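A single chain, nothing else alongside it, follows as structure tokens in the form predicted alone.
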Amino acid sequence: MRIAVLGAGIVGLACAAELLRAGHDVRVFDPAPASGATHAAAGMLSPAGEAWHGEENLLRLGVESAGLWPEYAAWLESASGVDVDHRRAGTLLAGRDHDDVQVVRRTLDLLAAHGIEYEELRQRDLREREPELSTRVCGGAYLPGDHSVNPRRVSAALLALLGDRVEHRNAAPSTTPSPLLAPGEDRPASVEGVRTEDGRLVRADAVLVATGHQLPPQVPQRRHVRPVRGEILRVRPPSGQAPTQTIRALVHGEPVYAVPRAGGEVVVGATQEEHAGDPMPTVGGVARLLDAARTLLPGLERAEILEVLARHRPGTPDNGPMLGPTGVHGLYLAAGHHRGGVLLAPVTARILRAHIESGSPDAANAFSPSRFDTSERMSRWTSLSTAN
């Protein structure tokens, strides 16, 4: 099949590489590949650390994708020659005060209900696992299945695999109207390919949209994705004072994480704010991150600041991604991954490949793009029934 992929963040690139590996003729369009949320992401492969009550489907999807990462990282490194810095040391959850530890314990209750392995730790046990932690941390847990990867290196590996199949230009789905449209109906019926910014039509049998929080108007579900700003720092502590594993913590209610990378760097993140404007770092957001991080890891006090940046994550009403057919024939969606784009990239690529190759909508999919439309219709029906 001829397949056009719009968007070259880690999700779009992973889908394109999966489809290329399956023998399809793939083209990718993005004016600035891997420069959006992928560029800012810390790279935590952390389904257990991200677990939250009411998001059990997302937890199961995350666990499935985390299980794919070891083989996926090995394949990427072998095929591209790029070291993606896949770290398998596990993750520590930590709470600064007793209220923070109670929140950690609620997460552990959820993990226990789903049979996900963890080890609850007292203060002394935490510091034995990570000596750089503050002596004032009250307690936490060890998550042996939560790891990390460097998203910049992953995207570099994927771009190397795709080579000149990636075009550095904007494009949008090109659609044809249905011959069976009802009067007043203007929704397109099918895609014929993509139209590039210079007016060129690139014909395709399927178009996959993976453009993060900015979806083109041809996608019927575009209103369900919103921008959520995240601020993040990259620092380099003095030699020997960087943490040896990923740490996720609450510090007097303020969430913060520290993710070690090759070269002694540490990624500190991340704020989360509903924000429709340009994603610029703010004094308040960076100050909160630094205060929490220094309280958690005192060795960061003398760290060198290498980078401060902000990007928009693509949020959805239930924080889950939208994966599959859009209702426009030949137009597919892989968007709305919020904080999980890196973690969910391998499983997203597999799911979208199955949808495109089978050609049949999967309405039962918990992450179907149409699930919010169905919910809205049910809400309206309930309101009308109540009114009558």
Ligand SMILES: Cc1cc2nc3c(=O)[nH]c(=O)nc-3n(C[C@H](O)[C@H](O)[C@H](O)COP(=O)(O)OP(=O)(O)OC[C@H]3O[C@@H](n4cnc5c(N)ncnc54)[C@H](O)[C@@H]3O)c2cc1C
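All figures in this text were calculated on a predicted structure; none of them were measured in a lab. Throughout, we count residues from 1 along the sequence that is shown.
Omitted here: the form predicted together with the ligand. The next part is about that form.
Partner proximity in the predicted complex, defined as non-hydrogen atoms within 4.5 angstroms of the ligand, places exactly one of 349-357, 59-67, 325-333, 27-35 at the interface: 27-35. In the predicted complex, every residue of the candidate spot (Gly230, Arg311 and Leu343) has a heavy atom lying within 4.5 Å of the ligand. Mapping the unseen interface onto this chain, Thr282 falls outside it, with no heavy atom inside 4.5 Å of the ligand in the predicted complex. Under a 4.5 angstroms non-hydrogen atom cutoff, the ligand in the predicted complex has Ala171 among its neighbouring residues. Interface membership of Gly212, defined by any non-hydrogen atom within 4.5 Å of the ligand in the predicted complex, is confirmed. Under a 4.5 angstroms non-hydrogen atom cutoff, the ligand in the predicted complex lacks Cys15 among its neighbouring residues.
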